[in-house]
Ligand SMILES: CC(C)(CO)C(=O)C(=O)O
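Starting off, we have a lone chain in the form predicted on its own, written out as structure tokens.
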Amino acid sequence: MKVAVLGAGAIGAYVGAALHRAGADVHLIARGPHLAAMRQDGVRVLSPRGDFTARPHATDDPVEVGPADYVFLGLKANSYAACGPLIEPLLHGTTAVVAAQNGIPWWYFHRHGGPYDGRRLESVDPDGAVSAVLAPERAVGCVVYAATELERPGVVRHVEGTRFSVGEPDRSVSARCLALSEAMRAGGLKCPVEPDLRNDIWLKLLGNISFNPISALVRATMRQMCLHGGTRRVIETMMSETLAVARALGCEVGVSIERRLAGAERVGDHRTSTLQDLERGKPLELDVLLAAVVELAEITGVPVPTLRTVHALSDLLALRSAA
């Protein structure tokens, strides 16, 4: 199995290191000091489950890698539309693109069935720019339940969680999903193949839609947000509105808001990916988290006043941080 990790940051390098340890032919595509460190010393993973080092091939040139069986997409969703020149050399006729993104994916209504089948969401696929680069037919959905941070170039701090749920947009249990699951499990990760990954998407989004923008607005960790009474109530309201949209689309999360908050509190003083991006001066990945759900609320007629308010505030923050 040949796997190219396009955007081998904290999550991408962690997955690539695990797959390499399992014997897969892994190629990490990155840039800058992180790439230089991986070339020289490999990927160093620091984890409560045990530290290890893996030395997969690392490069900044996808042409050097060539076509792969799987492209694990570690890029932020807001850079998908521009990634054509990077991903094209990695594709052959049956290459699967495993999009490990937060939020609502561009393929959400691809082979969805029902009244919204094939519908395009402007917030995540503006003018079809993402679908033009990443054909929905190639997509294997992936929901990440692992918290990692890039501690320094070449060094990934694994905080908690090893689950990477995967699934097909059409809800089939495909051979390509089963093969990927087997390779991921051989590398020490949990990788269930979910018949309907959309339920997992909403479960993960329940936390991301609230904790990520709030953490950036108030510069707080997961634990701090959970322990502050006022912030906790805002997050509870955002989660309640998100669940209402999910139900309107036929999805059930199966986890209570209180349990989701308790799980977040156990993570401790972890900074969300959005807060990490803000601190590093990177673009904020908020369209797929907030704007997409607001768009889905409009489509389904579900009122989401708190989500709209937080979206307005965090959208201005994203614009100012990009200026």
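As the structure is a prediction and not an experimental result, all values here were calculated from the model. The first residue of the shown sequence is 1; numbering continues from there.
We do not show the form predicted in complex with the named molecule, though everything after this point is about it.
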Item checked: Interface residue in the predicted complex among 154, 141, 207, 187, criterion: non-hydrogen atom within 4.5 angstroms of the named molecule -> 207
Check: Using a 4.5 Å cut on heavy atoms, which of 222, 216, 177, 134 is close to the named molecule in the predicted complex?
Finding: 222
Note to self: Which is the contacting stretch out of 292-300, 50-58, 251-259, 265-273, given heavy atoms within 4.5 Å of the named molecule in the predicted complex?
What the structure shows: 265-273
Item checked: the named molecule in the predicted complex - contacting residues of 83-119, heavy atom within 4.5 Å -> 102
